[in-house]
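Okay, here we've got a single chain as structure tokens, the form predicted alone, with questions on binding and movement later.
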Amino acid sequence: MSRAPLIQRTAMPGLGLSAGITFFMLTLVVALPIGALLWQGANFGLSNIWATINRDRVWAALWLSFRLSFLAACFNLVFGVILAWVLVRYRFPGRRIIDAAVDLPFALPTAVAGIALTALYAPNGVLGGLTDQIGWQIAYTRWGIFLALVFVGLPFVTRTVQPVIEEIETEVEEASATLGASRSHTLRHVIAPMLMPAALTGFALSLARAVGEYGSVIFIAGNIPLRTEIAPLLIVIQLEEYNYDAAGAIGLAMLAISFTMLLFINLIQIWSRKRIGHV
């Protein structure tokens, strides 16, 4: 009995060339950098890695980065899906402008975004002055970090979900209503399962972008150790001090936590796809 091939061939030619280019680029862009980081960590030693990570300043930076990244990704998951739904389902003046503005964080350099957000939400800024009057300071606090992470991560959810919403026919909603289902029931049991895989993909992309974000955060964060210092900034500080082993140790901690979170999200994606019959 012959075994199935590892790679299923199709009628289109070029399998060997395309597979070779794909594996080469994955090795060059993904595998080699991660392998180099793991190799550096192995040379540094587990005890030294743990001694570097097990400090209040490092734990505070890791906790702040991943906590705010997760909260920003959750916010983007909800608001990004709503925004995509509005842009697809409704026609109103200025819709094309809003649709084009969604891609602005993709094109705008992160440092420029950080400077713009700081200028707006600083105590002497246009919006920051208003919030400061009610005792709510945004810039140079954790709120500023959260705002920057939402800004850079929102397009990932919206642009991932938007094509899926465009493929959902309005007749599906009408058929559900014809069968007596309420709007909330249609949303929960008809629309949400269709959007779940794409929404989770956008959530994972938004989370990954937020965890590694640096340029837009450092201008608005304040960068106070144990309070508003993010993990990527701590890595840069270690590199500027030529402490490459410590920077690699913190990078390994971020890699391990990120891999665990993304693995959990992928498992949820697989479960959701099986539930609606895509797998």
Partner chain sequence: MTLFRLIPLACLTLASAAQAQTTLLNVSYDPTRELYREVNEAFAAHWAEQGHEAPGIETSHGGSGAQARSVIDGLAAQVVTLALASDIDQIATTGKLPTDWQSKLPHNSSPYTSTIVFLVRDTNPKGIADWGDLTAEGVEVITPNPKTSGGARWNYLAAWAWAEANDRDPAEFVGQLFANVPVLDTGARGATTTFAQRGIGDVLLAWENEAYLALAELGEDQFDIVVPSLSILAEPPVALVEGNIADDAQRELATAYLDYLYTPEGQALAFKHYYRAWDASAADPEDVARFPDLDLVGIDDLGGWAKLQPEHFGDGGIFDQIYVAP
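Residue numbers count along the first chain shown, from 1. Keep in mind that what you see is a predicted model, and the values were worked out from it rather than measured.
Missing here is the form predicted together with the partner chain; even so, the following discussion is about that form.
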Next item on the list: Tell me the stretch among 70-78, 155-163, 120-128, 194-202 that has any heavy atom within 4.5 angstroms of the partner chain in the predicted complex.
Entry: 120-128
Check: Looking at the partner-bound form in the predicted complex, is residue 187 within 4.5 Å of the partner chain by any heavy atom?
Finding: no
Check: Given that the partner is absent here, does residue 59 sit within 4.5 Å of the partner chain in the predicted complex, heavy atoms only?
Finding: no
Margin query: Is residue 243 near the partner chain? Define near as a heavy atom within 4.5 Å, in the predicted complex.
Written below: yes
Check: Hey, in the predicted complex, does residue 223 get a heavy atom within 4.5 angstroms of the partner chain?
Finding: yes
